[in-house]
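As structure tokens, the next two blocks hold two forms of the same chain, structure 1 and structure 2.
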Structure 1
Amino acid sequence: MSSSDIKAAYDPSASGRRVGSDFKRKDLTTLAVFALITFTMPLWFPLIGGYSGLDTKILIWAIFAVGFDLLLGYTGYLSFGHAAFFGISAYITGLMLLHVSDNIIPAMIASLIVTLIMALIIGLLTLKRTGIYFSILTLAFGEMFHSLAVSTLQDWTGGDNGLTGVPTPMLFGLKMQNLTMFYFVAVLAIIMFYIARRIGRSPFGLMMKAIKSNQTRLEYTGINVLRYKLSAFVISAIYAGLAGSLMVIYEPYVASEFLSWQESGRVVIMTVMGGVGTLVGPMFGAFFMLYFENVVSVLLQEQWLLVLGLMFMAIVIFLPGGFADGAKRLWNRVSRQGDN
């Protein structure tokens, strides 16, 4: 094979992998840029029409989306039931704040533990077979928890009305509101983003990508595929659980919709539109969707979801790599023109 063949065979758009010692620095640079954008959000976000509080919500969803991308983008498993983890965790947080203590730490810890257990159970039931099966079953399990919350457990959850009367969440005497809450979420978002990146680039992340690429080969290469799948699923569930818990701290109320398939659908849409497997893309997807829903929707009124649905379909059909891929293509085109 001649060297030009090799260049042709090497697809630059799928790269982004770097071998070498400059990696650590690059990793930190990305993180610093991300932190800068995040921390200054209260300054620039109102300039583009965002209201205060929406920025917090965006970051919460960004955490949800980046964790979801670890599952979808890396292992290729498409869950339609992640609202279960988001919602269960939200309810546990709400109940803990209401009945145990208004301190958020025990509430968050309890939420994450319950999420973890739930993810293990659901994962074992759904991950043994193919991805199609998984998508269907996660959708069903999600709906099961929704039904549970609005019917069977309504004495605890408040049924359709949701869980109300949750006191203002506190962190050791600090009211978790407004900017305090924003920075609390921002710090967590940066940490979770960093962890996701580390996972993505570690051998563990490589195994997850291998699951997406060819499970059979992986199993016959001595890898316990089910354990990797289960771990990836649990990790992404924890991200969802953290987001759910934060959502209740942000707004001390648990809506039963937190458990609905629409909520699962939202994180799917964000992740796919942002760019599956890129981690940054889905976080931008979260920003885009909430911005669209809350700011742009003023122009579109009730039809914003219709427009969003059409955009989503267009992206799946024509730009499966999402915004991240679109940006990359655009960048390549611009820089090529710059060369000439």
Structure 2
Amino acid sequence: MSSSDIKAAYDPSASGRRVGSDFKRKDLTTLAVFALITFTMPLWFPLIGGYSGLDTKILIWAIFAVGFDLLLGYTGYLSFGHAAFFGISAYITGLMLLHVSDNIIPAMIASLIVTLIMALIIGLLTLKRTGIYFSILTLAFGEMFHSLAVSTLQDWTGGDNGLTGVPTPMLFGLKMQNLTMFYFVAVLAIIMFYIARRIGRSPFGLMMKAIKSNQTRLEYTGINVLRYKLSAFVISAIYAGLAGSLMVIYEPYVASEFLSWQESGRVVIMTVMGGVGTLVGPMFGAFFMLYFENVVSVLLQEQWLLVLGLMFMAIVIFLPGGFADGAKRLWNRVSRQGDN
């Protein structure tokens, strides 16, 4: 967004209100299209080779990816340990369902509270560093929690075997399975996407972009940059925590791999391939990654990782804006041809 757009968005004049109205209309249109695609997914997804349950998993990872993009795409902080929040929330949800109640509401609330607390602690310890130092610190925290889960806390977590025996999650007498689970996740995905869009358009979102643009200059103006960075980090962690909780509800089992660096790497790849800073792109990246991993890999067999790696390299080199940038270029080209 240019400086003139920012001024116009907050200008009380008619032109300012007109720009703000255009933003709102664009957001609502994007949300409506996303909701339509999401709710009709059980109808069209099998037509392209998808199987039941994979659509739910895609939406869960889409929540994770859009939250991760709020941190990476808007503040420029690359976390290699975001799986820590995904895994911690998953374990809390599983333990609550196993030892307290099979109702998902208390389990989700408890998992998000713990995620919030851990995000505050880790954020305060890591956000004083920038660049690769921040990334390495988050990776270290992620691996520390993974090590705790498979060793020190294995009596609670099940160690390498993961947390098993979790009962079928329930919501007011409804079993969270099949289409019930899908539409529950779909509604949450739409809500979280809408919240992310609103955050991105808000003054807080502009501050995050300013941090990414020139953090030092922003500090010289007297603004408490750490507060904004910590807020962005916590919001992103809550998205990851929600995704982790939903993953256990979707599949009542907690794998120790939920805390591993590979899970953090997956969400990074999804975000980069989809388009960093676009919010829509990382969600499409989640769709592509899981579809490729679970459907296309059957055709490619053992070579699917090689093909995926080559595609990732090609996107980074030739299309650094990801799928979102590619779609935008294609749309502009079609529009120009239409005008001619």
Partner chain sequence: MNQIFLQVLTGLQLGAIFVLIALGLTLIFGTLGVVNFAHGALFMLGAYIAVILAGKLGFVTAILVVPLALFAIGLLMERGLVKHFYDRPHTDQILVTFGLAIVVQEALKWYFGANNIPFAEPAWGTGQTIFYGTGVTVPDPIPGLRIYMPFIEGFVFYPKWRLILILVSMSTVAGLFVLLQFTRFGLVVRAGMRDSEMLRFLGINISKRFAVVFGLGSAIAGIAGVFGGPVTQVDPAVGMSMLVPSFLVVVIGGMGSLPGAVLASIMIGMAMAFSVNVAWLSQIVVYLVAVAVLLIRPRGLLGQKGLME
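Rigid core (definition): largest C-alpha set, two forms, superposition within 1.5 Å. Since the model is a prediction, treat every value here as computed from it, not as a measurement. Here, a residue number simply tells you its place in the sequence of structure 1, counted from 1.
**Item:** Either 1 or 2, the form predicted on its own
**Value:** Note: form predicted on its own is structure 2; the other is not.
**Request:** Fit the two forms on their core, then tell me the C-alpha shift of W331 between structures 1 and 2 in angstrom.
**Result:** Its C-alpha moves by 2.5 Å once the cores are overlaid.
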